[in-house]
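This document opens with one chain alone, in structure tokens, the form predicted on its own.
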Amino acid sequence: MLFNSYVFIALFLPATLIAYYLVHHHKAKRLAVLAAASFIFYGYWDYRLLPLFTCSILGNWLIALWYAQTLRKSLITGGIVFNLLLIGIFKYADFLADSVAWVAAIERTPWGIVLPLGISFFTFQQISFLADLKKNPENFRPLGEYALYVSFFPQLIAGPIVRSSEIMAQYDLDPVRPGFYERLSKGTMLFIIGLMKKVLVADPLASIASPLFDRAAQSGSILFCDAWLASINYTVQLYFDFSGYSDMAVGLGLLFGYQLPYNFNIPYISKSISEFWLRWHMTLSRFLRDYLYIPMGGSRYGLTRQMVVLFITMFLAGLWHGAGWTYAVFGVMHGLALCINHLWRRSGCRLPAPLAWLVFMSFFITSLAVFRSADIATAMVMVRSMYGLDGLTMASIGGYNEGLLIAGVLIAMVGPTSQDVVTQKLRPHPALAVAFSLAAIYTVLTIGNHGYSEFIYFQF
């Protein structure tokens, strides 16, 4: 079920809100309503995935229960291995087998393992829960609360990646508490802003970028100008698609009385790769830092070890995005860039801010061209064309929406962020309510005219 679908907007969300607030005064009942709705939300995509999802939650909770009773640290290690095995089998088994077959020059028939919806996100949350439980066993929670933590539908499919301490502490709070109407209004506005980002910006930009990437994949060539047009469109599309989803997730959380962490902070103003990862998909960045980079040693064992750990962290982050070599190369590029950036800062050298931004954005757009490409061959075509290795022909497809692209670039570059707009800049006013209502109606009608599409991170 997609946030930008009629069944979600017109049926699922209103029904869930009504049922939730009918029992808001009773903690167990309101949490049960949310958990049941979340399982329905997950099963709507493919009910056959529910047993695996349920077993993953139950298995992790039983491991957590056993640890809370015995404090045997090997149980936490075993639980993390259990989660990694699940994601390894369902997300990477075919990819690894194909890679081995390619090296061995043999043919194989793919197993066709179905990728469970949102497995990267709910697996990471369960790993973080076990790791945090190891430090604070008193954070153990009953099965119902744990199941809601993992399955909470606003952030189940594509984040933000929420720590248990951030959400479970809010379970005891009655959603109809002081600030109730403010949360409802802010949540509604964030949801509408996120929906507009997806429907009015990201999807139209996709209609420009996708045919160009497809052309590069099918014909093995693309013009210099078209390669940059495709890559820049995709760069802006990705931001509005993913930040739009995150806005909608945070907005939905507020509608139910929960504050979820923000995920974006104007990342395209970054002047270095390290600054970028502090602004982009921030909940993933902190997960990688706290559960991968620091446990592997971080900066505690000298420069060489730090560079190796940085590289491994980003390589694995790239693979986390998907089972394909383009994702792995994306991770390698960002790992190397972070290492170079770190060494550059240690040297004391500095670039003028505009030049630093230009260098970073050129690199990032190039890395996204690789990320978006169907395979390594297509990625090579894109990169070669972008840097003039196949000529500098300037002709382009024409007919694309230059105004939308320019507007998207300006909003992504200048800001402000959606959360700043809603929490700091907007004040209650009837005219504002009318404006958002009209914007919501127009966006919903646009969905009806053009249909709805999956979010980019929908099956990561």
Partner chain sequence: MGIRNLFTSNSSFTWKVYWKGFVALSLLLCLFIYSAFYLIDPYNCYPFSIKAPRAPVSSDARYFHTMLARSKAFDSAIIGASTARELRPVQLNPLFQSRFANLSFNAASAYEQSKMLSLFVDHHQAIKTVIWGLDFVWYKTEDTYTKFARPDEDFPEWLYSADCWKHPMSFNLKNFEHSVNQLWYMLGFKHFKYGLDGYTTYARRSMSLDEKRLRIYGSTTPLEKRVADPEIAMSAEQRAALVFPAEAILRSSLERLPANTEKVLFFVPYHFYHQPPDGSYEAQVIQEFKRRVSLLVQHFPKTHLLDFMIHSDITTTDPYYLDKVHTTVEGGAVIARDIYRSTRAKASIEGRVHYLGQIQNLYR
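Positions refer to the first chain, counted from 1. Keep in mind the model is a prediction, meaning the values are calculated, not measured.
One more form of this protein, predicted in complex with the partner chain, exists but is not displayed; see below.
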> Any chance Thr188, Leu426 and Val444 all have a heavy atom within 4.5 Å of the partner chain in the predicted bound form?
Replying inline: yes
> Applying a 4.5 Å heavy atom distance criterion, does Ala433 contact the partner chain in the predicted bound form?
Replying inline: yes
> Does the partner chain come within 4.5 Å of any heavy atom of Glu182 in the predicted bound form?
Replying inline: yes
> According to a 4.5 angstroms non-hydrogen atom cut-off, is His25 in contact with the partner chain in the predicted bound form?
Replying inline: no
> With the cut-off set at 4.5 Å between non-hydrogen atoms, does Phe458 touch the partner chain in the predicted bound form?
Replying inline: no
>> Give me the residue from Ile192, Ala206, Leu117, Ala337 that has a heavy atom within 4.5 Å of the partner chain in the predicted bound form.
In response: Ile192
